[in-house]
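This document starts with one chain, in the form predicted on its own, laid out as structure tokens.
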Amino acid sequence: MLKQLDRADIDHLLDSLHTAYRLQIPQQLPDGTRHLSPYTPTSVLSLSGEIVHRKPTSFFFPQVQKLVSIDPTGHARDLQKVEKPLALFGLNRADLMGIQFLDRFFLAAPADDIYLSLRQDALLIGLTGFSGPDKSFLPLSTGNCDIELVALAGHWLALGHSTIGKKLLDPYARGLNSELEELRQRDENSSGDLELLQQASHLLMNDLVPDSFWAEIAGRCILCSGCNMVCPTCSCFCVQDRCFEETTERSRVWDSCQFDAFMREASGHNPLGTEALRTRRRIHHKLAADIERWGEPGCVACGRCDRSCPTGIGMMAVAGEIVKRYGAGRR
């Protein structure tokens, strides 16, 4: 059943959640950026603005994740301790799609138990509607969260997409279905970025993008790896051991396909030995290989890589160039 919440209701909801969950909410820092940060009763909640800087998937797949500690006798001790499940508040459609995609990767049989320990029982709360920069419109979710708050001028419509989400919304007043239908009609015209990715994907999968294009794009890459570090669907990692006097700690650490050593073999051979090949892989993986494996692209059009790339070769920028140069409407 559709519910309606005002600001006091949202504060009440968050206050009730933080006792059972490690609740993270969007808060604005002095530099103007928004981050998901731990909730406290005195936290200043940011209910609209730019996309949160840190990708939400990093809560389930951290940049550095300690896995096990090994003592001198060879005894291993698990370092994962999950006291309370996570609750992430304020996720937009792209954020939720990113978590859904990473779930598919890590929870495919056999499931990754480290990821599962953080992901299971986690609560996802979407924030869509007029909650973007300057309260611009953000597309509605596809229902892949527990609760979705849809911002309107003076209140929020609330949808419970899961059993627990519906239960949490029980105490609140009913909302107007007519308001939600108006937003859904508006939502049908807000998929431009995803359509661009689909067009670029079609060209890649039909081998219509020449090698010269990748050499050109790679020439602008400075190997900073920012695109991979901020991407909510990147899942590559390496394993590192750190040795101390009495113990050895094993961790997994994010890796980047833009690094020269990413696929270098023990023999010294590297099947991705040029920047052009690595750049092609980064784009082709998201827009072609992931579709072949999972049935959907690995890019959710969140825009984080485009914001972070100092030379303008983020996913959306490259997809735009592909469509412009090699699409049906090219000159």
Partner chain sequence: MNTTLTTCPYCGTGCNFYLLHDDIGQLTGLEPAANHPVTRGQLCVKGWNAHAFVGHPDRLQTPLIRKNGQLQPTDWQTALDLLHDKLRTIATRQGPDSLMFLSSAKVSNEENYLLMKLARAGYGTNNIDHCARLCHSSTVTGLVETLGSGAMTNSLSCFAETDLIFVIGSNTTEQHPLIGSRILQAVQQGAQLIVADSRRIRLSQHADLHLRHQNGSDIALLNGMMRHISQEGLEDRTFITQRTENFSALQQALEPFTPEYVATITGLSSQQIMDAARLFAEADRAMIVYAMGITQHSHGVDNVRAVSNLALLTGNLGRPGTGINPLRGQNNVQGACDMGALPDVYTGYQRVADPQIREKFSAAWGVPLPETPGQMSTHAIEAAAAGKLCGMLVLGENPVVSDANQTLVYQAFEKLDFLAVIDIFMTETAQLADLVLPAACYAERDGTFTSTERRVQRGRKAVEPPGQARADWQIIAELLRRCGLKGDYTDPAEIMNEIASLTPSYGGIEYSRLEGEGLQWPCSDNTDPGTPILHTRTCTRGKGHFSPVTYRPPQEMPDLEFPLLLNTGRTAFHWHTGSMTRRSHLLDREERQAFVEINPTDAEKYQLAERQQLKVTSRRGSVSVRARLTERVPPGQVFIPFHFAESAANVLTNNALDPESGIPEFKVCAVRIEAC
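Numbering follows the first chain given and starts at 1. These figures come from a predicted structure and were not determined experimentally.
The same protein also has a form predicted in complex with its partner chain, omitted here; what follows describes it.
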query: Non-hydrogen atom contact Lys66 with its partner chain in the predicted bound form at 4.5 angstroms; finding: yes
query: Contact test in the predicted bound form: Arg264 vs its partner chain, heavy atoms, 4.5 Å; finding: yes
query: Val44: touches its partner chain in the predicted bound form, heavy atom cutoff 4.5 angstroms; finding: no
query: 4.5 Å heavy atom contact, Gly273 and its partner chain in the predicted bound form; finding: no
query: Heavy atom within 4.5 Å of its partner chain in the predicted bound form - residue from Leu176, Cys238, Leu208, Val82; finding: Cys238
query: Proximity to its partner chain in the predicted bound form, single hit among Val323, Ala317, Cys309, Leu13 (heavy atom within 4.5 Å); finding: Cys309
query: Region of this chain that lies against its partner chain in the predicted bound form, out of 251-259, 165-173, 116-124, 103-111 [heavy atom, 4.5 Å]; finding: 251-259
query: Residues in 18-43 with any heavy atom within 4.5 Å of its partner chain in the predicted bound form; finding: Gln24, Leu29, Pro30, Asp31, Gly32, Thr33, His35, Pro38
